[in-house]
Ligand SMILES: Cc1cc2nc3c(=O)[nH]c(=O)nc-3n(C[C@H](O)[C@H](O)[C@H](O)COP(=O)(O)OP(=O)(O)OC[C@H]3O[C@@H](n4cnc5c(N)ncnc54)[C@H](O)[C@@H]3O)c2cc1C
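What follows is one chain in C-alpha cells, specifically the form predicted on its own.
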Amino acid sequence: MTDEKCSVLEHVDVGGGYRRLKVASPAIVKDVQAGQFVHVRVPQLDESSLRRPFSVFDAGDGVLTLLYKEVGRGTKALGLVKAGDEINILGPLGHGFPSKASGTALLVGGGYGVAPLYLLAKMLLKNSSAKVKLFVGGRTAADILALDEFRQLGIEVFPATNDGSLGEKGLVTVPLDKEIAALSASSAPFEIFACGPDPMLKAVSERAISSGAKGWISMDRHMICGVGACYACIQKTVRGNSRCCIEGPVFAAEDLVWE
C-alpha cells in the first residue's frame, strides 16, 4: 500500500455521466491486481473530507486508469480535476480477483461495475489459457461502457439493456443464462467473475453455485477508511461479518450470505 502524489495525464468525459481519469502512478501500478481499489483525496474538497474509493480500470507502464460516474459531491468535485493537476491516491487496497481461470471466464458487469473487469480480462488473458467473454448490462445504451476496449483485447461481448437500445432486451442474466446453458450442456468448465449492483450479484452468485462453477463476486460497499478500521463496509459471509476493504471486495460466491 502506497500513499502517492499522482500527476493527472488525462481526464475525459466518455458519455452518460461517466468519466475516465488517467494518472501517472508508478508506485501503485506495480503492485495493483484486478479487483483492488484505490482511495482518492479529491483536491476540490476541504481537507477534512474523506477520500473516495474507486475500482482500478487499468494499470500498466506507470499509468493508473479509473472509470467512474459522477453521482455525488465527491465525484462531481473530482470531475473538475484537469490534466497537469496533482491528486493524492492511496493504494492498492483490498483483495482482488484471481488472476487465472480454467475453461471459459465469464465476466459480468452492471453499469460502472464493468470498471474492474477490464484489468481482470487483461490479466486472465496473460496468465491463463482461459477464453474470456464479457456480459454487461445497463438501463440504456449510455450505461454500457468500454465495449471497444474489450473488443480490442479479442474478447466477445454480450450487452443487455433494460430498454433494448443495445444488445439483448432485459437483464444481463438473459445472455448469461444462454452461455451457461451451452457450456453446461457440453460439460465445458467455466468460472464467473462479477461486479455491479447487489441484485445482479445475488443472481450471478446463485447461478454460479447452482451450476457448480466457481464464482468470484466483487461487492460494492461504502469503504470509508479503506484499511479496515471503521467497519462501515461490512458484508455478511458464512464466516460472519467481513470487511469489504480488507477481506474483500472480492469474495467467493459460496461464502456470501444474502439478505
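Since this is a predicted model, take the numbers as computed values, not measurements. From 1 onward, residues are counted along the sequence shown.
The form predicted together with this ligand is left out here; the points below concern that form.
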{"item": "Partner proximity in the model of the complex: residue 190 to this ligand, non-hydrogen atom cutoff 4.5 Å", "value": "no"}
{"item": "Partner contact for residue 112 in the model of the complex: this ligand, 4.5 angstroms, heavy atom", "value": "yes"}
{"item": "Residue 71: touches this ligand in the model of the complex, heavy atom cutoff 4.5 angstroms", "value": "yes"}
{"item": "Distance check, residue 52 to this ligand in the model of the complex, heavy atom within 4.5 Å", "value": "yes"}
{"item": "Of 223, 201, 208, 32, the one that lies within 4.5 Å of this ligand in the model of the complex (heavy atoms)", "value": "223"}
{"item": "Which of 151-159, 126-134, 72-80, 174-182 lines the interface with this ligand in the model of the complex (heavy atom within 4.5 Å)", "value": "72-80"}
{"item": "Triplet 96, 217 and 251 all within 4.5 Å of this ligand in the model of the complex via a heavy atom", "value": "no"}
{"item": "Residues in 16-33 close to this ligand in the model of the complex, defined by a heavy atom within 4.5 Å, in order", "value": "none"}
